[in-house]
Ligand SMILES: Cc1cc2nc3c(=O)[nH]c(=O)nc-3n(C[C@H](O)[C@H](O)[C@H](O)COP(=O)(O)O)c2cc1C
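Presented below, as C-alpha cells, is a lone chain in the form predicted alone.
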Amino acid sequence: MGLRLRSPLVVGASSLTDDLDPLCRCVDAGAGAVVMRSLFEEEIRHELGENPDSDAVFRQGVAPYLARIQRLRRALPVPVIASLNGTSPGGWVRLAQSIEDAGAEAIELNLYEPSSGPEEPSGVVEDRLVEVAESVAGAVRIPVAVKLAPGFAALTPLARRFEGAGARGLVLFNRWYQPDIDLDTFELTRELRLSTSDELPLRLHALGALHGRLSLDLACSGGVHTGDDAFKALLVGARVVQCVSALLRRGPGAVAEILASLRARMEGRGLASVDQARGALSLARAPDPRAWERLHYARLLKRPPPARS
C-alpha cells in the first residue's frame, strides 16, 4: 500500500501490541510492520454519547488508543498500522482523521460482521460494509486496508467494490469466533482458540483467486505458523503475511524462525526476492481458472480413501 517494509512478515492485531517489550523484540527479529489491537466502533460511539449503555468492554477510551499510536511510533522503526473495527456507517468514522494525526501510517478496517438477521439480504450487508470502507478511506490520506471474514459468495466482485471505495489493500481473513455449548451449565461459551496451519488453505484459495485481478495489495491473515506457510501465501499472491497465534505460542523468536525458514525455502528454489515468488501459483496463471478448480475438486473426491492401518 506504499509502505516500505523490511520483510513480508507483519505482526497482526492482538494483545501483543499492548506491551512494548515483546513488540520491540518482534521488530528486532525482523517483523516488517505492526498492526495494533482494534478500536471498536462501540467504544467510539460510547465516547460520543451515542451508546451510553454499552458493555464495559467497550468503555476503554479513545484517548489511550491515540496515545498508544504515538508511543509505538516513537519506539518502533517500522510502520505502525492502526485497526478500526466497525460495520455501520456513522459519525464514528471521523475518528480515522485523529488516528492519522496521531501518526498511524495506515489503517486496517476490520469489517467483522457475522450477520444473523433473518430478513437482511446479503446485498444489503455488502452495501453497508462498502459504505463504511468508503467513509473511512475518504476521511484520511493514509492507505486503508479492508479486513474481511470468510463467507462471501462472490469475493472478487466485492473486492472490486472496496477497491472503488478507495481501499488500498485487502486482508484475508478474519477468524470467526463462534460460541460453543457447555452441556453442564446449558450456557453458551466463548473461548479464544489460536489458529493452526490447517486454517491456511482457505486463505490460499481466496488469495490465489484474487491475485492479478485487482490493484489491491493482498495480505494473508490466519494460519501462518511456519516459513513454508508464509511461502505458500506468497506463491498465491500475498504481498505480506500476518502472524499472531504463532507469536502468542512461541514468543517473538518465532518471527526470526519463520523468516529464516522462508529464506531457506526461497533459496532452495533459486528465488532471490519475494517479488519473484509472488503470484507464481495464483489462478491468474491458469488458462481456465474455473475448470482448474473444478478439476482439482473432482480429483480429490474421486481419490480412494487412505488405507487404515
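Here, rigid core means the biggest group of C-alpha atoms that superpose within 1.5 Å across both forms. For every residue, the number given is its place in the sequence shown, counted from 1. All values derive from a computational prediction rather than experimental measurement.
From this point on, the text means the form predicted together with the ligand, which you will not see here.
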Worksheet item: Which one, 143, 222, 227, 79, lies within 4.5 Å of the ligand in the predicted complex by heavy atoms?
Response: 222
Worksheet entry | Answer option from 271, 281, 248, 62, heavy atom within 4.5 Å of the ligand in the predicted complex | 248
Worksheet item: Out of 207-215, 132-140, 186-194, 158-166, where are the residues with a heavy atom within 4.5 Å of the ligand in the predicted complex?
Response: 186-194
Worksheet item: Is residue 244 a contact residue for the ligand in the predicted complex, using a 4.5 Å heavy atom cut-off?
Response: yes
Discussion item. In the predicted complex, is there a heavy atom of the ligand that lies within 4.5 Å of any heavy atom of residue 147, even though the partner is absent here?
Written reply: yes
Item to complete: Mark residue 173 yes when one of its heavy atoms lies within 4.5 Å of a heavy atom of the ligand in the predicted complex, and no otherwise.
Response: yes
Worksheet item: Does residue 37 reach the ligand in the predicted complex if we count a contact as any heavy atom within 4.5 Å?
Response: yes
Worksheet item: Heavy atom within 4.5 Å of the ligand in the predicted complex: which residues of 3-40 qualify?
Response: 12, 13, 14, 15, 37, 38, 40
Worksheet item: Core aligned, does the CA of residue 92 move at least 2 Å between the shown form and the other one?
Response: yes
